[in-house]
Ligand SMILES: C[S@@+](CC[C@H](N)C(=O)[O-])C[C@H]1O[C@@H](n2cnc3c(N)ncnc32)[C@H](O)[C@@H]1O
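As a starting point, one isolated chain is supplied in structure tokens, in the form predicted on its own.
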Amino acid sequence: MDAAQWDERYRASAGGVWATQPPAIVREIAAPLSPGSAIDVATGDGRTALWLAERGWRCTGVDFSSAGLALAAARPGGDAVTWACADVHAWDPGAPVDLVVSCYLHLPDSADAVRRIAEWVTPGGTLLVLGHDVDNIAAGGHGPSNPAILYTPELLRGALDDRFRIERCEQVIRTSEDAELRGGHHAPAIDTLLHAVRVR
């Protein structure tokens, strides 16, 4: 989907497309971190950026959908986040940050996109990427059905060089209690998680 299609989807939604909280695994990993500067890539209607801001992070939410960002900015706490309407291929933060989070950014060049956003992490900082795994198609979980844009642990691991220490890179199962969509969905989903720390 391009930006115009996402704009249409957000405008047609009743208050937002995605669940109001970030995925449970994102909360589990990010909650113990000391707040600093953060970028939420493909922020959509803002759930992860807003959650981080509530916990003291100086957060920028980036997305190419102006309609999604309008929903995000209108939410409680929306004025605590800097919202940037931009394509991940072209946008640059200007300075590295302590945490880069990307949830469900699926592109034909996903490995290159992950490689690019990894450059935004400062030494000592954290990169956290979560997205639909290719095995999610056969499992019947919600999400894209084009295997060319889906993740595998091998794809995400291969996007990083030796400046990063990989803490976790694996498939994770997301249950119906941790639904991606607002209003939920019933089938469990298979995601790929990458949690890495930049060491230099």
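Note that residue numbering follows the sequence shown and begins at 1. Bear in mind the structure is a predicted one, so any value in this text is a computation, not a measurement.
Not on display, but discussed next: the form predicted together with the named molecule.
- With the named molecule omitted here, the record of contacts in the predicted complex names 42 to 50 of 162 to 170, 42 to 50, 29 to 37, 149 to 157, defined by a heavy atom within 4.5 Å.
- The listed set L105, V114, V121, A72 contains one residue whose heavy atoms approach the named molecule in the predicted complex to within 4.5 Å, identified as L105.
- For the marked spot (W57, D98 and T126), a heavy atom within 4.5 Å of the named molecule in the predicted complex is absent from each of the three residues.
- The closest non-hydrogen atom of D87 lies within 4.5 Å of the named molecule in the predicted complex.
- In the predicted complex, the named molecule sits beyond 4.5 Å of every heavy atom of N136.
- Taking the named molecule as it sits in the predicted complex, the stretch 59 to 86 comes within 4.5 angstroms of it through a non-hydrogen atom at D63, F64, S65, A86.
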